[in-house]
Ligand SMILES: Cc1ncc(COP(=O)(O)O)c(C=O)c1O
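We begin with a single chain expressed as structure tokens, specifically the form predicted alone.
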Amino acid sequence: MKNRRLVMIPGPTPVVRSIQDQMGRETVAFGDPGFVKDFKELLVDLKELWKSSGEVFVVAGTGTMGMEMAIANVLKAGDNLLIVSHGYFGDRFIELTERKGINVDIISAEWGQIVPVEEIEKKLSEKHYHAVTVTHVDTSTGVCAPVAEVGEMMKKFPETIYIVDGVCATAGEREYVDEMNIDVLLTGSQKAFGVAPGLEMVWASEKAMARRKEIGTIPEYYIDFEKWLPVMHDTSKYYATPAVNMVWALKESIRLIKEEGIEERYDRHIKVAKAMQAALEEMGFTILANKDYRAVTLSNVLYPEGIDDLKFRTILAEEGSQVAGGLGAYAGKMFRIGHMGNIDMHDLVGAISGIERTLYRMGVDVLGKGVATLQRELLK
């Protein structure tokens, strides 16, 4: 019998039935009073849960569009930007911003490590930067940046906009907009929120909104804060068609988060990550990210000697789990496994069990080792 396949990539993540049901509802007009009310409540929850006194935007699009929306509304051609890169997705800001004629400086970490906060501060002291970008969790490396510590340091540079890419972190790693001095936080629906791809969310501080006004007219149209702001303030208004069913799905995701408790959700992600990483190490794998800076939403797993990447991932898919390959210099040398959002004990045990069976079929007998370690850690 063919195994049901668990989607254990670093996003999209599994979508639970109650969220699927919202996506499958009969679509209504975006001016429908019930939808207008639902959309408004969603925006209120997003601001309250992420402790933002500024604005929040929920727009049909991807995390990459969120990156572009963040940049387009606070920077113009000729401005100076410091990019703090911890991997492939930190580097994505480079091309995005250079296309706009922004002057870019980059501080990069060795994959698996972080750029120290002191190094960022030193660079910011050398000249005026209009903004700095930090990717909270880079899925290419599994590294979690110390965004709270960076935010505290950024208080020394009040004229600089602090942009955080939270695509693979938000709703899994702790993020609080005002408390962490974040000016722009961006994310997508398909990772730790456990919703299908299709929505991007951007929080913007009062400082970021003031910067948007200061810039004046921007060349971008669809992603302009000022075009969407009237809708975010009054969800009965129209600018571009909202993704009605996706908004309902995100609202259901937020209901689940509130039911679990956001702090409890963050703690659960920490516990799950430690358990998964311990189980993987018990089976002979190595985690790329430095132990002090490992993300809780995914693990980037280096193969032991003699394990072929393509063969491993092909057999693992047959055994019922789909993981992602490595990126950049680590392509063919590691796999990436997500453990975020609304996954449960069955998903986790199933994934580790599938890895055990895959290794067994490849001549490495670790049957029972990973699952036992995983469950002991989860049951602590």
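Just so we're clear, the structure is a prediction, and the values are computed from it rather than from any experiment. Residue indices: 1-based, along the sequence shown.
The protein also exists as the form predicted in complex with the ligand; that form is not presented, and the subsequent description refers to it.
Residue contact with the ligand in the predicted bound form: residue 338 places no heavy atom within 4.5 Å of it. Among heavy atoms of residue 85, none comes within 4.5 Å of the ligand in the predicted bound form.
A residue is said to contact a partner when one of its heavy atoms sits within 4.5 Å of a partner heavy atom; residue 92 meets this definition for the ligand in the predicted bound form. Put simply, residue 300 is far from the ligand in the predicted bound form: not one heavy atom of it is within 4.5 Å. Partner contacts here mean any heavy atom within 4.5 Å of the ligand in the predicted bound form, and among 129 to 137, 280 to 288, 306 to 314, 145 to 153 they occur only in 129 to 137. Contact with the ligand in the predicted bound form, defined as a heavy atom within 4.5 Å, holds for exactly one of 164, 171, 167, 201, namely 167. Residues 62, 63, 64, 67 are the members of 52 to 77 with a non-hydrogen atom no more than 4.5 angstroms from the ligand in the predicted bound form.
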